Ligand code: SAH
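Encoded as structure tokens, the following chain is the form predicted on its own, with no partner shown.
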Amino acid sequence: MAWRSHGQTNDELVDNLKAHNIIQHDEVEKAMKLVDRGLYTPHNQYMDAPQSIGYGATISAPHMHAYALELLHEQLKSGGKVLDVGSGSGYLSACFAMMVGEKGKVIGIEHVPNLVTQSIKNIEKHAPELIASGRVKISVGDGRKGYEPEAPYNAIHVGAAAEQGVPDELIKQLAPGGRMVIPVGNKLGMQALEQIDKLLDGQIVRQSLMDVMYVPLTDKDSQYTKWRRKIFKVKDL
């Protein structure tokens, strides 16, 4: 069970995720052991629960990261290209990079500049070569629009819930044979994790996988406003 996968160390956390059959492939296990979650969040690093990283953003629970890596496993081959929308702490971007290898590339999009800066620092703590070589590029931008200059992508991961449906731009930027994993639904908790496949002939196939709860995929100003209300208890003028 996911909620029983807590560990005292990163290795123990990953071992527990594997023991509970959330991690099923050796490549996923290896990537999650190479990227120490403790370097990406200052709080409850190895608890299998989401943690705040500031600015109204969270780092997802480890079991959700493991699910994402498993669902995208076939697309995360050597030389693959990945788009990580709402890259936050940079943790999953680093895991993706470990799986696509030296010939692959990961683009992280995050609309909070402070989180972009911090995520780059997080990655550089243990794998500075990912940033220096360009294998991982984290940019400030509106993830709902994707990142067209590097499209198409073999894999797209979205770390926040699309309240208005899956953005068309993300579907357009998915390569034939590619897969997107994205939570879809409103902020009241009616959300589902969806798997979206673009077949080789361009046909789109959608599948709802499980109920989830994510922060909304929104613009920077909306996210900042909600965060300021919570932290500083301010009211709109």
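These numbers were taken from a predicted model, which means no experiment stands behind them. The first residue of the sequence shown is number 1, and the count goes up from there.
Unshown form predicted together with S-adenosyl-L-homocysteine (SAH); subsequent notes refer to it.
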item	value
Exercise: Gly141 in contact with S-adenosyl-L-homocysteine (SAH) in the model of the complex, heavy atom 4.5 Å	yes
4.5 angstroms heavy atom contact with S-adenosyl-L-homocysteine (SAH) in the model of the complex for Leu13	no
Any non-hydrogen atom of Lys81 within 4.5 angstroms of S-adenosyl-L-homocysteine (SAH) in the model of the complex	no
Contact of Gln75 with S-adenosyl-L-homocysteine (SAH) in the model of the complex (heavy atom, 4.5 Å)	no
Leu130, Ile109, Cys95, Ala162 - the one with a heavy atom within 4.5 Å of S-adenosyl-L-homocysteine (SAH) in the model of the complex	Ile109
S-adenosyl-L-homocysteine (SAH) in the model of the complex: contacting segment from 147-155, 86-94, 130-138, 99-107, heavy atom within 4.5 Å	86-94
Contact test, all of His20, Leu69 and Val212, partner S-adenosyl-L-homocysteine (SAH) in the model of the complex, heavy atom 4.5 Å	no
